[in-house]
Structure formats: C-alpha cells, structure tokens
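In structure tokens, one chain follows: the form predicted alone.
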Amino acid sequence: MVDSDKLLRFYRQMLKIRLFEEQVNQLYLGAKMPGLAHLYIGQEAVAVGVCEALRADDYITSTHRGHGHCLAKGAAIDKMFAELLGKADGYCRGKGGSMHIADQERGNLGANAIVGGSAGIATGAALSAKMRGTDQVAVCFFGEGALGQGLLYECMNMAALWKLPVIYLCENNMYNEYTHYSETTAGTIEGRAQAFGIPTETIEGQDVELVYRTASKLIERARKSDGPSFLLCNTYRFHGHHVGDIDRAYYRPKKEEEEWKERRDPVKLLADKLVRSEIVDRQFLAGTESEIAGEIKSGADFALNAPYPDATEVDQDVYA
C-alpha cells in the first residue's frame, strides 16, 4: 500500500501538471506563446507515478508531449514557462521551446520533437550507468505512435542483449496524431518487446498508485542488473494533438472524450479516493488547488516579464 503522505504528494504533482498545462493553453490562445504545445492533460498519472518511483540521479527521456514528464521529475514552474516563451531564463535559454526542454541537474535528458527520437538517448544513458558501475536507471517515455519507428527496436535489441537498466514506457493515448492506433499498429503492442525477450507489463495508466507500484517493481529490477523491461500504460489525452487542434470530431467521437473525462480523469480519481478514505476533505483539496494555482500564476508572470536572450547568443549552444 502507498501511504497517505505519498498519495497527497501524487495529487499535488498531478494537479500542478494539470494547472500548468491549462495555463499553457491560455498563453497560446492569448498569442503570448510562440509556436505550438502538446498538452499532457489526462495523462498526469503516468508521469507522476513513474517519476515518484525514481531517484533524483535517475534518467528520463521525454517526448513532444513532455511538460508533464519535466515537472514530475522536478522542473521549476517559472523556468518551464520561461522556456516556452523563448526567454533567457528558460532551461535552454529560450532556444528549446516546448518540445526540447532538458534539465540535466534532475536527470531529464530532454524532450524530443522526433517521434521515438529519445530511445537512443535513454538506452545510451543506461549503457553509461552500467559501464560506470552505478545503479542508476533510465526511463524512456514514448507514445504508441513511436511503435512505427525502427530506432526503438534497435535500442530494445541492444538493451536486451546487454541487460541494460532501462524501462521502455509506452503511453498509449490511442491516437497517433489524428489516427487511431489500431489503424497503424499490427499485432499487439506488448509483442514487440516480448520478441526481444523483454518482460512486459500492461496497466491502467489513469491510476497513479498502480503506475507507481508497477514502476517501482520494474525500476528495482533494473537496479539489480536484471535488464530492461517494457511498461504499457493505457491512457488518454483530453485535448487535441496540439493546442491548435480544437475540433476533433472528425477523428474521434465527442462521446468518447466525455466518458474519459467523466470516468477516467486521473486527478479526479485520486481526489475521490483521498476523500473516500478520509485522508482529506473537499475543502482541503480546494485549498491545495488554490495554492498551486497561485504558484502557476507566479511562474507565468515571471516568464512574461523575463528578458529575451541577447541577439549575440543566436549561435551559442546550437548544434547541427
């Protein structure tokens, strides 16, 4: 069982991600954020459940839908917003933007706009940990759309052969951009990892406690040098593929969206459990939401008022 203090931390972390992403959407709608962002709303339990099971010195690699992973691994709200707005105080001094945030101090090796592009980075980090003789672990987050990328299979093959401490974590939110995964993915998702002899687990990704318990088991397995594993978390994005994807009726039913939001919202599910178990009451939860909303507003205000990087930096820290 997960104790009440940890459950409350899970709730705070998920709510932080939810409110952060809602503010991101407002920044986009207000024409204050350059480019697009891919909101993580609806999938919060996966990032929080996994990252809470990791140590500070463990590694993660993220995706184009990566804000939740970054925050769950310990990123600061103000620096996150600054990066999204292209400001000098951002994690990559405003040059990475939404899809390339990295936080080396906390083991976040970076979001990646290339679908499946971080598989090699996570596997390389796991190889590094093994060669250095540490018990660090790497988690590679990716969506089901990455199952069509050959790089993922090359990496899983090497990880299995060399027994690397890496967890390949597939967040199946059902849609490869605008196409249901059943139209793009032959066979079973788990079968792809099983073909390399990699142990697999499939779980409900909306249950943060279940995600935490399952991830803890796989992470401990990796620490003991027992090799890679594959975790499939079934989840759902409540918004569009990106902030500009407003009307989704042409590729997924509105009724489906409503059912997920009503019955399988990870934040609501945990809130209901906390109240049902008499750990806290609704008033406490409302106070927590108000407190976090204040932190989000302060972070956004900081970023809005932060300076842009000087033009002389245009060719610094940029690689091709």
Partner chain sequence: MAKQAQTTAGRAITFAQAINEALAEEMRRDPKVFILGEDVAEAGTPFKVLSGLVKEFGKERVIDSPISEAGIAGICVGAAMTGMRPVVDIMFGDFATLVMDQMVNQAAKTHYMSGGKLTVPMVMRTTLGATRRSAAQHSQSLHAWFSHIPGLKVVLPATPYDAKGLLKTAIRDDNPVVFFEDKMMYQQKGVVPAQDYTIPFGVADVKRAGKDITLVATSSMVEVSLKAAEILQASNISAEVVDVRTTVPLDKETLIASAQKTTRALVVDEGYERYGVTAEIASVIADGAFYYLDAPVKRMGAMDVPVPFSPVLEDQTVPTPESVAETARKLCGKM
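In this text, all values refer to a predicted model and were calculated from it rather than measured experimentally. Numbering follows the first chain given and starts at 1.
Below, we refer to the form predicted in complex with the partner chain, which is not included among the displayed structures.
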The partner chain in the predicted bound form: contacting segment from 157 to 165, 175 to 183, 122 to 130, 200 to 208, heavy atom within 4.5 Å: 175 to 183
Find the only residue in 107, 97, 240, 227 having a heavy atom within 4.5 Å of the partner chain in the predicted bound form. 97
Heavy atom within 4.5 Å of the partner chain in the predicted bound form - the one residue of 84, 72, 137, 170 that qualifies: 84
Using heavy atoms and a 4.5 Å limit, would one call residue 34 a contact residue for the partner chain in the predicted bound form? yes
Under a 4.5 Å heavy atom criterion, is residue 318 part of the interface with the partner chain in the predicted bound form? yes
So in the predicted bound form, does any heavy atom of residue 314 sit within 4.5 Å of the partner chain? yes
With heavy atoms only and a cut-off of 4.5 Å, decide whether residue 235 touches the partner chain in the predicted bound form. no
If you apply a 4.5 angstroms heavy atom cut-off, which residues in 138 to 157 are near the partner chain in the predicted bound form? 145, 148, 149
